[in-house]
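In structure tokens, the next block holds one chain alone, the form predicted on its own.
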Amino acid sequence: MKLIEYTVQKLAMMAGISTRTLRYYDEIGILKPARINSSGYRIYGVNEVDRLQQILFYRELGVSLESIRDIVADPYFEEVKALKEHREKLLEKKQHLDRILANVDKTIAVKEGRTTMSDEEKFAGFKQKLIDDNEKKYGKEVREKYGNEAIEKSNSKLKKMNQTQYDEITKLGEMVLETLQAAVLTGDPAGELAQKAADLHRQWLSFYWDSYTKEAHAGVAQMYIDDDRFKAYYDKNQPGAAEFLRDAVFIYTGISNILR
């Protein structure tokens, strides 16, 4: 059986990338050639072709080269499992693009006078992506804590928001983070700035929730500490912010630290 091999130029042409990209992949150790021939040219075999395909799959999904290098270099890396994961993520991406495409088609029909479209429909695709992303990241834990009915009501409320409401909640979310960062510097969760952050956080949550309760508010704040992903989100720009927010919310709601 004839051994199939490719030079940098041939592999780059086949993969639709530049030769410079292949050389860079070699330099950073993410894709080494199978060998260097007597003339000094990089030569790639079947294994390298398969690895390049995996790399390009990950790049299509927005994964950084540093992360890809760690993934494919893992001795426990399973190619078939990775391909199935690629397929699942690409299907999610396709579903999102299909929703946006349908939205664009309907918008064209509206502009041409062939149909009508509510303000809520104009942003349905974008809000659905937000819901899907949240479900993927936190869905299991949040549903276990608050139940499917509460989460479905929250998602329904988000879908019905008009653009003004959506812009307002986005702005509120930014204000929570900005005020929280400033409050952490005071070191006083009972202080005026910290309590303002807690109140902004209440307003932000209330956009999503069917109804607000102090107990639920305190429970969410505690979850920010219990779940490393939430903790990392709030601590990203200000270390200790998640715990500070929890303490501020406990004071704001009058809920004791029995929830800790």
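All residue numbers refer to positions in the sequence shown, first residue = 1. This is a predicted model, so every value here is computed, not measured.
The protein also exists as the form predicted together with the DNA; that form is not presented, and the subsequent description refers to it.
The DNA in the predicted complex: contacted by all of S18, T21 and S64, heavy atom 4.5 Å: The answer is yes: all three residues contact the partner (heavy atom, 4.5 Å cut-off).
Might Y252 be said to contact the DNA in the predicted complex, defining contact as any heavy atom within 4.5 Å? Heavy-atom contact with the DNA at 4.5 Å: absent for Y252.
Quick one: is Y25 in contact with the DNA in the predicted complex, heavy atoms, 4.5 Å cut-off? The answer is yes: Y25 has a heavy atom within 4.5 Å of the DNA.
When the contact criterion is heavy atoms within 4.5 Å, does H201 count as touching the DNA in the predicted complex? Answer no; every heavy atom of H201 is more than 4.5 Å from the DNA in the predicted complex.
Would R59 sit within 4.5 Å of the DNA in the predicted complex, counting heavy atoms only? It does: once the DNA is placed as it appears in the predicted complex, R59 has a heavy atom within 4.5 Å of it.
With the partner left out here, which residues of 24-44 have a non-hydrogen atom within 4.5 Å of the DNA in the predicted complex? Heavy-atom contacts to the DNA in the predicted complex: Y24, Y25, S39, G40, Y41, R42.
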